[in-house]
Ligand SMILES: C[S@@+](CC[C@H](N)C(=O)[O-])C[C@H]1O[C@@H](n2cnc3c(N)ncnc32)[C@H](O)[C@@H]1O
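Single chain ahead, by itself, as structure tokens, in the form predicted alone.
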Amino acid sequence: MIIVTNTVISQPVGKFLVITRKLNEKNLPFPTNWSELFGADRPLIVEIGFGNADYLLHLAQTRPEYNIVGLEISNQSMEKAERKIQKAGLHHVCAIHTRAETALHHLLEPASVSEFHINNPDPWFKKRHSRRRLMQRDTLDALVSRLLPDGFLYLATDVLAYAEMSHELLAETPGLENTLDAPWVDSLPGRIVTKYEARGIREGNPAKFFRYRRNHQPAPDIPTLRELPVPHLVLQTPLTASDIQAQFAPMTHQAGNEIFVTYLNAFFNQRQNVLLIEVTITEPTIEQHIALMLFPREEPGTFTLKYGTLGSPRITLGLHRATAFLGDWLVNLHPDSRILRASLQTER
């Protein structure tokens, strides 16, 4: 049996391993050793946004010589995929609950993926939502960096404007070359017609298919982001934890243009004399909803500020910045408060 944090991979009949519990960005190592996870050293295929998992299952059934990973943010889609994978008894495919950006930057290493498959990504039509589109320069550079030389990137979309935008981005990417005689085609050999695509065909809106190969030009230098050392600080203040809770109000801090930290609520546990601060942290590659906790120390008037286990936090730069922001707020509550020592990083 192999155990990956809270996820168990059980061994049924024979030599194969079947993943039986949910995998997500909170319980997988940064980065993930996929050969160890699957129990076999095979090349890797990744589908981003697998929906009802028909295409993911098709990949698994037709590509038994690969380890296959599906990435999805929908809980409902995750449940469907897990049921289908378990029912089919497939040993070389798994579903992971994660944003694509998190997987690309934290779970996957450079030059580790043989194929990426992206089917009908959300177009995010409104201009103010455009930063959420999967197909944009930063994400495409990350995709290229994770592809092996001669690996493939497959994209399908039924939105003409999205196809045109994607064509421009792909054509301007030195690390990729189009394997088709046109920017896109109306069909590709070997594909199944998914439920979503069939509906588009009935409505007169067929999908547009792209197929690009990773060439041998140097890839963008995008290292895998590993977890940082644990952040914490020790402070001295004449205030009690109850006093601090009474002065708390929701607040937001920003670090540069990329890290946003929001402090939502403060909860005081009178029995343990502990203050819990509910926090959301948004970074370009990961979003977290966690807790920072203020613990009393043996020396009167001193506290330790560190993260709690709520939300299974990953130790990122954003978590360090969230701890630093809160520490500054705490010492500013009283003129006799001060930070005694801190272990914090402000940049990678």
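All residue numbers are counted from 1 along the displayed sequence. These figures come from a predicted structure and were not determined experimentally.
From this point on, the text means the form predicted together with the named molecule, which you will not see here.
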{"item": "The named molecule in the model of the complex: contacted by all of Glu72, Ala100 and Asn119, heavy atom 4.5 Å", "value": "yes"}
{"item": "Stretch in contact, per heavy atom within 4.5 angstroms of the named molecule in the model of the complex, of 57-65, 31-39, 306-314, 44-52", "value": "44-52"}
{"item": "Residue among Thr237, Ser77, Ser145, Thr173 with a heavy atom within 4.5 Å of the named molecule in the model of the complex", "value": "Ser77"}
{"item": "Residue among His216, Arg83, Arg137, Lys195 with a heavy atom within 4.5 Å of the named molecule in the model of the complex", "value": "Lys195"}
